[in-house]
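One chain follows as C-alpha cells, the form predicted on its own.
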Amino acid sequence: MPAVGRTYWLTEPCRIRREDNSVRVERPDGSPVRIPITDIRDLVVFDHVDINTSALSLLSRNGVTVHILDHYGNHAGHFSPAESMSSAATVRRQVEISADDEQRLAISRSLVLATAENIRWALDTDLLDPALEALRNALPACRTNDAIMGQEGNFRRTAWAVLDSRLPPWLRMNGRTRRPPTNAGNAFISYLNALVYARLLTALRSTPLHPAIGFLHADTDRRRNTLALDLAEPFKPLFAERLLRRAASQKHLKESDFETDVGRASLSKNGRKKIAALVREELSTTVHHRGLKRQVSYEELMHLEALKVVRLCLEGTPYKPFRPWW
C-alpha cells in the first residue's frame, strides 16, 4: 500500500468539517480532533456522520474515499473522489478480458478455489479436505459463473458448519444470513467482510483499474464494484473466519458486544470499537514477502493483489489469487 496517509475508523457519531487544509472531527463526548488532509488515506464510518460539502470537496481533491457501513455491517456505499487514476489502455484491456468467456471463467475458478483453500488454511482442519477435493473436481466442468458460485456455496456451507463446531453456542452462525444478519456470528462475519471489501476498494483506487469491471461477480451483482468483490474473496478467510475463530478461543468477544433482536443482530457501540481495533491491528501485521524480499503488511498484500490484475491487463501475466504462504 502506498505510504500516503492512514485509514481512520469512525466508530462513534461525529460531525466532520473542513478547517483550512485539515479535517476537523467533532464528537459529542470529546474534544475536536484536527487531522491534516495529507494524513488521511480513507475514512471508514461505522456510525452516524454529519459531513458538509466543504469537507467533501477537500476529501475529493485529495483522493480520499469515505466508506460507509450500515447498522448491520453491510457496506452501504462510499464517497469517492471525482478524479481517478483509471487509464483508457488498462480499462480497455480489463473490459476485453472480462468479456472473454474463457479468460473470465478461468479467473473465476481460480478465485473460488483460492478462497476455499484459504478457508481451509484459516480453520486449520482436515475436516474440509473432502469438500475441497470435491470442489477441485467440480470446477473444471463449470461453464458459467453461476455454476462456479454454486459450487462455492456448497463448499462454504460445509466450512461454516465446521467453523460452528469451534464456536460457543451464542456465537455460532447456523448458516450464513445477511441483510440483516440473524445472530452474533453472522453479524461478525458481515462486518469483517464489509471491511475487507472497503480495503480492496481503496487499494483499487490507487491503480489504473476500474473497480466496477470484475470477473467472478460480473454477472451477479449490478450495484457494487465487482472487481473489489472479486479480489476481496481470497482475503475474507484471513480476516473473517480466522478472526472469529481466534476471538472465540481467546474469549475476546462477549454477548454484550452485540445487539440482538428477533431475526436480526448487529454490533453494539463497544463491539464496533473492538472490531475496529482488531482489524487495525491485523492490517498492520507483517510477513516476509518472498518476491519483494522485505516485510509487507496484510494491507499492502491487498494493494499487491490489485497490481496483479494490472499486470494481467498490461503485460498478460497470468493472475494467481492470494494464498497465505506462511
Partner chain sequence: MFVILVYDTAVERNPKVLKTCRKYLHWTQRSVFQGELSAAQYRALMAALGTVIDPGYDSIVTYTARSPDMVESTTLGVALGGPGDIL
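Predicted model, so just to flag it, every value in this text is computed and none were measured. Positions refer to the first chain, counted from 1.
Omitted here: the form predicted in complex with its partner chain. The next part is about that form.
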- Answer yes if any heavy atom of A265 is within 4.5 Å of a heavy atom of its partner chain in the predicted complex; otherwise answer no. no
- Hey, in the predicted complex, is R280 touching its partner chain, heavy atoms inside 4.5 Å? yes
- in the predicted complex, does V33 have a heavy atom within 4.5 Å of its partner chain? yes
- Is there a heavy atom of N52 lying 4.5 Å or less from a heavy atom of its partner chain in the predicted complex? no
- Answer among 297-305, 283-291, 38-46, 65-73 for heavy atoms within 4.5 Å of its partner chain in the predicted complex: the stretch 38-46
- Within 4.5 Å of its partner chain in the predicted complex: residues from 11-40 (heavy atom criterion): T11, E12, E19, D20, N21, S22, V25, R27, V33, R34, I35, P36, I37, T38, D39
